[in-house]
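Single chain ahead, by itself, as structure tokens, in the form predicted on its own.
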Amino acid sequence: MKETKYTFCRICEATCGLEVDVEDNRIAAIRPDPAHVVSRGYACVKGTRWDSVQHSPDRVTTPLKRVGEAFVEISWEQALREIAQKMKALIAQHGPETVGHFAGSAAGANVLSPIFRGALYSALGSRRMYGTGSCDTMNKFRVNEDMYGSPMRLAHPDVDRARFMMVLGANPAVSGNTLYHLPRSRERFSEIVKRGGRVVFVNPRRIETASAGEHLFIRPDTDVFFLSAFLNEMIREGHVARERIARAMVNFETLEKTVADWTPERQAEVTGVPAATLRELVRDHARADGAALYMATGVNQGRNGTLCFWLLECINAVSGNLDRRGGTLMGQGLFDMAAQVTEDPQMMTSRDRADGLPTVSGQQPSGVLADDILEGDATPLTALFVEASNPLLACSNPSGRLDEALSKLELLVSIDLFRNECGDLAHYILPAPTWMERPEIPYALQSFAGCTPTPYMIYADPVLEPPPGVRSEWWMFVRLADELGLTLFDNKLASFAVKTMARLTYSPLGRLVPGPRFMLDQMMKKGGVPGVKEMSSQHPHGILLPENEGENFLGTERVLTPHGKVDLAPAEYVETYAQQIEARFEEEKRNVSCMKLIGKREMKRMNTFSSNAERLVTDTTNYVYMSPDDATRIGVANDDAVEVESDFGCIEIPVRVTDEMMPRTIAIPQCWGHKDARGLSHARKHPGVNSNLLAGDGLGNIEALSGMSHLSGILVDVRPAKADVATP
């Protein structure tokens, strides 16, 4: 019999509400939930077509072991025993740091997994944690820590009350919002304009979200000059809240001196943003009763991502818009995660790597993963768990160097739904549940840090029963700790309790054992909201929480810096700025006529997860998007093949000509390139081209403040493909 269940999507931070019709433990239909307290009947195609992923015939539903070139099914007992034995042998030979972990963005939507993953690696004694965060967001966590005292003290725009918003390097209508919750983004940006405000999207491509406001072209990877001039012009014109600065912030004078040389005219030399336009933006920003600047992946992935986010946060702060309605707010979640992580050495920035690169918010740079395996240091990386990711496509991979590195590991374990390209190289594949098969509350940054313009809470029971051979990630980490004889949470009693719970969860007594539902229930009750039973029965569409009225951060104990004030000029940022920015400005002037490559989000794709979904992926390839001027100059038209070459690699890809692109800029959607995906039958027929083969890795291609890889604004040469080379 068909039954309608309510849940919420976990593909991105928008976490839109969904209605799911279920029959015989299969999805019959997925619709947006019109009663969801925030998304209110909105959901994108990625969520409403999730059944194409959920019921894929390629899904892995029992542990697999690679034997030669084949994969054979094995029991969980055998998988855990053999993996633990191999780990013990490698640790005995090299020490605990020889074992690493790589987590994809999908792992961030799983509230319980990071808790038990962190406990396992802490007990193991390894800080070798990598992830896609160093491909898209680690710069933000670094700035939060240095300005506000914790990587998880993250401000978000008060979109529903703002009168001015400027968005750099983000396309929320297609990809959701990085790190904060904003379903119905285009509608909500449009509302700012309707109430007399202004919304400006600053981007090298005229993005889909720009229909909700205005668009302003900017040359890729020059945002640091634009933001420097914006901040300097704002200070020069007196548009700063000096009393607020004196009361709640430090080092304003240093900040002022740092950007003093940047005029609107000077930045225009390399950004393409006219000086008059910048001055107009500064004036409108100052006049607005509530203004916010926001930036995301397109800027984060440049060479100056940390400096850009620092300058942007300083603009929000010194203008008086931080911690006020209509500006940017610091949310309050179920508990103060930002304060808690300051007591966790794994989560605070450290420089314990031999190469001097930082570990930020628990992640080491993914751009040195190949180096750590192939070259290593005193402790080589010989074992790696990859959770919910496909780093071969998600990370910089010049000439396939990361493929070579992963193939040399002595132990590679893939925790995933499918056998993707990374899984093809793995020694073991451990099948995990989909988000339809586990109980959940929203992302930790929403639930525990309150990073949402509309404060709310929702809980969802599993919509489907997982296949019998599938196990939850938290269970895998606890059972591995059990096999390794480790004490979790540095607490023998707590460790014994969770190990006992894990041993019994998938036994005949499983339904009598406190499990994920109980853990989430305790978190919710501790945070002052109803528990899971009441939420699922009485509030299946979520509940609204009290609005954030602002004026609850500055001058309070929530500012976690040693002096209790916002630091506007962390010393390492000022030093890095002084060392690099003038030289990079001169470099930009020399390269002003060169082509640059940026990424592009697509409505039917999100990173690598959707590549095997028949109802989402219909094109056989991705394309390189370029302006009509560039197409004419190069001598190509739609569907012609071109070679795109950087210092690190060369790919061939067909063309799409569009006036959405800024001249001298090309865009290629990332996370394609599935021609060798033996375990992904649909993706293999729709392979596309991996643009990250054009990105460099290693020290010279990593932003040293945050460990972020340089994946946007890459200098390239574009030319017609040779006639004897086939188009993908």
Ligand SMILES: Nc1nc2c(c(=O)[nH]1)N[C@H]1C(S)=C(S)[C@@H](COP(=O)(O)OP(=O)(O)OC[C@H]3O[C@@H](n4cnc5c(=O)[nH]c(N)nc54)[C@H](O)[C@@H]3O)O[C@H]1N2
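Everything numeric here is computed off the predicted structure, so don't read it as measured data. When you see a residue number, it is the position in the sequence shown, counting from 1.
The same protein has a further form, the form predicted in complex with this ligand, not shown here; the description that follows concerns it.
A residue is said to contact a partner when one of its heavy atoms sits within 4.5 Å of a partner heavy atom; residue 364 fails this definition for this ligand in the predicted complex, lying far away. Not displayed here, this ligand is approached by residue 418 to within 4.5 Å at the level of heavy atoms in the predicted complex. The shortest heavy atom separation between residue 135 and this ligand in the predicted complex is within 4.5 Å.
Contact annotation: residue 605 falls within 4.5 Å of this ligand in the predicted complex, judged by heavy atom distances. Using a 4.5 Å cut-off to this ligand in the predicted complex, not one of 306, 451 and 703 places a heavy atom inside that distance. Residue in contact with this ligand in the predicted complex (any heavy atom within 4.5 Å), chosen from 267, 150, 319, 390: 390. Of the listed positions (502, 83, 432, 406), a single one reaches within 4.5 angstroms of this ligand by any non-hydrogen atom in the predicted complex, namely 432.
Partner contact region in the predicted complex: 103-111, out of 647-655, 634-642, 356-364, 103-111, criterion any non-hydrogen atom within 4.5 Å of this ligand.
With contact defined as any non-hydrogen atom lying within 4.5 angstroms of this ligand in the predicted complex, the contacting residues in 190-206 are 202, 203, 204, 205, given in sequence order.
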